[in-house]
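Heads up, the chain below is alone and in the form predicted on its own; it's given as structure tokens.
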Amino acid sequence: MKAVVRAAWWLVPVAFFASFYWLGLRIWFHQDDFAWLNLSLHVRSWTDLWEALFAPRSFGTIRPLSERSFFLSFYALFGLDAVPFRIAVHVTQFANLILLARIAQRLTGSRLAGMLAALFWAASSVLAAALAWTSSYNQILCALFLLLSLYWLIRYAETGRRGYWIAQWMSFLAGFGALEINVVYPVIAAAYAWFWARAHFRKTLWLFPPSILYAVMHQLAAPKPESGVYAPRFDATVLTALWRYWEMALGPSRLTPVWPEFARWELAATTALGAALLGFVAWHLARRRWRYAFPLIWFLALLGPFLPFSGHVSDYYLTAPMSGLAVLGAWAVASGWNAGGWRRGLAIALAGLYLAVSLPTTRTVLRWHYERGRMARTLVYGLARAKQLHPGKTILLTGVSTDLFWTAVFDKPYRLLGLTQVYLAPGAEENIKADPELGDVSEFVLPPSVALEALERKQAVVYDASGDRLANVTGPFYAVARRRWSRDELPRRVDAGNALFSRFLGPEWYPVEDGYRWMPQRATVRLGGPARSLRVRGYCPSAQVAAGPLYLTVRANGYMFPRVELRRGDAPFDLSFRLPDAVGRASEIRVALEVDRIFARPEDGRPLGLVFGAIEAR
């Protein structure tokens, strides 16, 4: 019977989590999920696999465990069935909750605090985003490694068994493959040792060199951007970001958008919860009980790496830091409960307030992600059906909202179903709110003259995505297109890998192959003007740089830009050139591309230069 009671302390938070987050198991892929799923399309060799796992991506991140191998392996096993992905996320969080409960009990000496810490963390609305969005698995997996490392350290301090010390090192080092904030674990470990196991404090200092080495190597391999929301800022905005994260962690500020009537009580509720936590710590520190500051150190240490990115404050960044704040809250409530009297009543009231503001928000966040996944699934499988009905034809989409575009179009999930020729219909971009930080909507629009010709030749169909299912509107759309557009208009962007653009390419180009096209040593393109710049995107094969750098010369209406040196093989390139005024004002811009050497493949013997995607006058 005692064993059952002991188990209940750990299982209650897990049971609550399973019952409350069941909707999360039904959430389909959306937004960045497709970028990681599409990694599988680029893996054809061991070299490709190495690059897929370790090459910097997504604003300089290198996370081979939580994003790369997770999506690659699960997609290989389960395809676009999202349920196994979601189960993996939930099972990982089950382990996190049990670990946090056991850690909190050992830190506080209270089973009640252990249970409450896991319960408060599970109820937090900031956890919902990470649990509902598969791309945020990095937050959940990193939390697992951090909690494992701390748990093994505590067990080592309690028993002196070397195996626990080794286990801590293994989970600590593995955490670098999940998320960059793993670098701050030594701070948490040293703080724990200082407060609870002073004899082991010096040993924890050996954890710092790997973190410092990782931070330096990561910065060299993947430096952060110098502008935009992902550019770090070390100024007063750090304090602003800290306050915003503090508000989100407490919960009341996130309930107001869900229940606007709560706005009048938001400040009072935030003040009450914040004052209670900080007052609890301050009261004990005034009595020189320094260890009560540890959960706050835990919270701030894990939040610290996110603070310089004040232009991109996001709720899921609080996933791991919130575990420390949950321990602090649980410790405070358990202390109040044990004190009895008015302190017990106050502890119950504050715990109830936190749950009352957090749970409705959590449910809303889950529902929001569920709807985005449902919207994405409708579009992707609708496109799959359209492909069956119209094999070989280009699909144009109209009626695409801002949410639908950034959720299910921008990362091109349809490529996973073998669809490469999907575009926004001309004019569809007018209903989509631009977001330069994410990407350029215009790159997805098929130019009017190209769309008109494709419709005339019955090489394209048009589908309306504004309803609950895709609707074929090719006839009405074509009737309008004939009145509005002309086939003679030159497009500003030419997708070399799309046969619909062939008439704007010179005769020297080779035929389209799987969404791309080879050029020989020299090739030409016609673009529409006027424009201010020229953008050229393509792919450099390794054979071209095996003997040294390859030089690409670009001309626009006879004007020659400085030669471009390409050194990386089997890598894409994206080049931009400022057009001289005389060239930029022209209504037609003739672009000539030339490489200083060619190579031939044994299978066909053709003289090959580079692979090209889009050439664009902007």
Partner chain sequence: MRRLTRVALALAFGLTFGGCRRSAQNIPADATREETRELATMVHVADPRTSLQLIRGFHEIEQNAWRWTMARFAVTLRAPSGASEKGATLVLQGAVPDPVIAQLKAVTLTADVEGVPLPPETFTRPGEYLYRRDVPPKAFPAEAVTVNFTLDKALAPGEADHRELGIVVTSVGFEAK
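Residue numbers count along the first chain shown, from 1. Quantities reported herein were computed from a predicted structural model and do not represent experimental measurements.
Only in words, not in the display: the form predicted together with its partner chain, which the text now covers.
Using a 4.5 angstroms limit between non-hydrogen atoms, Tyr164 is distant from its partner chain in the predicted bound form. Among residues of the shown chain, Glu443 is not one whose heavy atoms approach its partner chain to within 4.5 Å in the predicted bound form.
Contact check for Arg483: a heavy atom falls within 4.5 Å of its partner chain in the predicted bound form. Taking the partner from elsewhere, Arg44 is found to have a heavy atom lying within 4.5 Å of its partner chain in the predicted bound form. A heavy atom within 4.5 Å of its partner chain in the predicted bound form is found for one listed residue only; from Phe195, Tyr381, Trp169, Phe201, this is Tyr381. Proximity to its partner chain in the predicted bound form, taken as a non-hydrogen atom within 4.5 angstroms, holds for one residue of Thr553, Thr61, Ser69, Asn557, which is Ser69. Residues with any non-hydrogen atom within 4.5 angstroms of its partner chain in the predicted bound form fall in just one of 520 to 528, 89 to 97, 460 to 468, 120 to 128: 460 to 468. For the partner-free chain shown, Leu72, Ser73, Tyr75, Ala76, Leu77, Phe78, Gly79, Leu80 of 70 to 97 come within 4.5 angstroms of its partner chain in the predicted bound form, judged by any non-hydrogen atom.
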